[in-house]
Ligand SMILES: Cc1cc2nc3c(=O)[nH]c(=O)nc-3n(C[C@H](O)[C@H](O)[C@H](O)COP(=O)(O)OP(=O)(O)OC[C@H]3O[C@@H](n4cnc5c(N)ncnc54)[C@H](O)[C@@H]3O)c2cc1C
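The chain below stands alone, shown as structure tokens; this is the form predicted alone.
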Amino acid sequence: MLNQVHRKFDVAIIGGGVAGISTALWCDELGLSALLLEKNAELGGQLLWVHNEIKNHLGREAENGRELRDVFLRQIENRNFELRLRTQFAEVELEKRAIALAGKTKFFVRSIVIATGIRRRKLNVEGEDEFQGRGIIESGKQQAAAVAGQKVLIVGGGDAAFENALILAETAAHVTLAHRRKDFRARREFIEQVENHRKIEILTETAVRKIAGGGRLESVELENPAAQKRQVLPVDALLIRIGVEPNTAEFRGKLALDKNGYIEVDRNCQTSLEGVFAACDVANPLAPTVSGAVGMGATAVKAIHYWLNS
């Protein structure tokens, strides 16, 4: 039986990335009691993925995402809200605005802000989970030195794939970039630099079918269906950059989602359920930025404050 928590928060915030932090700050600013729930051991969300410089957030530049995250944490350290890290959910009842945690605790709240963000899309092929950290790398910027003199495969066709190809080509012996389509989504300047780089080879209409090796990654099986061609490519490292997808599995069938699984919201960040709001990339597929997440968190709280007091 669940242990009921009798304190009823004005706002429960699900997710401790940029939008969640912004939401918590604005709840304190407007005098709303807030509960911030984060599944990981620290706040920051996708900022902790960012290893490049951040120069496009108005008011502050940073060497990387963690540095900017630390700025945000210093700004909220004296704000009044309850924070629970390493939080695992048993159930989220959006219509009742009730959140049951794995530790037999249930919160009843007046409103909810979903700020669960996005995750990197996976290939979902044999060997992908097995070789995480054993040849499959997470960041070109962070791990360029680790692949020095090695053969690297990058999978993807957008800015991230091309930018990482250029970064890794500085240290790697050879870089292959494979994309399942004929055309690319990347910016023209990135495409031109990669096409003219002596250490980078591009394979179009090519998909990964299998990742293999012994103790570490040794090869990747590729297929070009148009050419009816399969090949086994010897590689030492693999970086996957095939886009992202929203963390909305928990909310399917409970909220209106678009065809790609993003939460649909109005201009006030209100979802299809009264009292339930969404902020950050989970509801903003066209403009997933730090600035956008900050603004959506503030907008959601302003709307909640008006709704609770009208």
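Since the structure is predicted, the reported quantities are computational estimates derived from the model, not experimental observations. In case it trips you up, residue 1 is the first one in the sequence shown, and so on.
Heads up, the form predicted in complex with the named molecule isn't pictured, but that's what we're talking about next.
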Quiz item: Has each of A19, Q46 and E250 got a heavy atom lying within 4.5 angstroms of the named molecule in the predicted bound form?
Solution: yes
Quiz prompt | T116: touches the named molecule in the predicted bound form, heavy atom cutoff 4.5 angstroms | solution = yes
Self-check item: N260, heavy atom within 4.5 angstroms of the named molecule in the predicted bound form
Solution: no
Quiz item: Is A300 one of the residues lying within 4.5 Å of the named molecule in the predicted bound form, judged by heavy atom distances?
Solution: no
Quiz item: Can any non-hydrogen atom of I14 be found within 4.5 angstroms of the named molecule in the predicted bound form?
Solution: yes
Quiz item: Only one of 46-54, 265-273, 26-34, 252-260 gets a heavy atom within 4.5 Å of the named molecule in the predicted bound form; which is it?
Solution: 46-54
Exercise. May I ask you to choose, among N124, Q228, N196, Q88, the residue with a heavy atom within 4.5 Å of the named molecule in the predicted bound form?
Key: Q88
Practice problem: Check each residue of 221-236 against the named molecule in the predicted bound form and list those with a heavy atom within 4.5 Å, in sequence order. | Solution: none
